[in-house]
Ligand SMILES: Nc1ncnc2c1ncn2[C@@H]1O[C@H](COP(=O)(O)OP(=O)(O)OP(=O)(O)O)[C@@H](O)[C@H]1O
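Read the single chain below, which is given as structure tokens and is the form predicted on its own.
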């Protein structure tokens, strides 16, 4: 086995990057993939909180510091994937050692997802250096778009391939940027369109990804579609209304679906 390391980045807090990581990991696991999620937001970690893995003695900080082997900081969780958490009260480390410390884990997992720092600093640089490809998380507003463009520029300067953008907390309001505006500004395809959904917060309150907590919600299906695409496949929505809608409008494929089909084709 030689897995893929996917870094998930954004240069703006509050866009839901960690939520994307935990739910994408859960979706990949539901599709039979062996998945590890790593919290590389070293100074302000949150990933473990999202899935109820907290206050662990062994974390990514001890791994980077050379105190333990990477395998000693890995924990399973009920969502079906493994997690390497970070310290809530972090110790001082050199983030740029991340790649060397986790590369061997590719032999044990299909996918390793890295939850990056939301700041353009050495922590994000460590994620970029360790990743085979990147997913950039944004939201459809002007303030976030400028930060997203900076993230894309930084990734290109590091010559790390960008799989696509995931737009989170989409409300479908007139004041939001359109897909065309976002793709034109970033020159990156949108491969995930996650609607604003109260169940996401409800799931977080019980430390469970919404993909597991409410699997038939639109947002959960979007995560399943994204997971399938980056695995080189396609997810079939089995909900009755979705099938009726697809029958009535079979030629009305959304732009995001087309982008995912292209991405899946490249993974085969």
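Numbering follows the first chain given and starts at 1. The shown structure was predicted, so the numbers you read here are calculated from the model rather than taken from an experiment.
Missing here is the form predicted in complex with the ligand; even so, the following discussion is about that form.
Student: Please pick, from 118, 95, 85, 164, the one residue with any non-hydrogen atom lying within 4.5 angstroms of the ligand in the predicted complex.
Tutor: For this set of options, the contacting one is 118.
Student: Out of 61, 30, 50, 225, which one falls within 4.5 Å of the ligand in the predicted complex, going by heavy atoms?
Tutor: The option sitting close enough to the partner is 50.
Student: Heavy atoms, 4.5 Å, the ligand in the predicted complex: which of 140-148, 164-172, 177-185, 76-84 makes the cut? Say which one.
Tutor: That would be 164-172.
Student: Is there a heavy atom of residue 200 no more than 4.5 Å from a heavy atom of the ligand in the predicted complex?
Tutor: Residue 200: yes, in contact with the ligand in the predicted complex.
Student: Just to confirm, residue 256 within 4.5 Å of the ligand in the predicted complex by heavy atoms?
Tutor: Contact with the ligand, no.
Student: Taking 4.5 angstroms as the cut-off for heavy atoms, does residue 220 touch the ligand in the predicted complex?
Tutor: Residue 220: no contact with the ligand in the predicted complex.
Student: I'd like to know whether residue 195 contacts the ligand in the predicted complex, with contact meaning heavy atoms within 4.5 angstroms.
Tutor: Contact with the ligand, yes.
Student: Scan 17-56 and note down the residues that get a heavy atom within 4.5 Å of the ligand in the predicted complex; none is a fine answer too.
Tutor: Read in sequence order, the residues that approach the ligand (within 4.5 Å, in the predicted complex) are 17, 18, 19, 41, 50.
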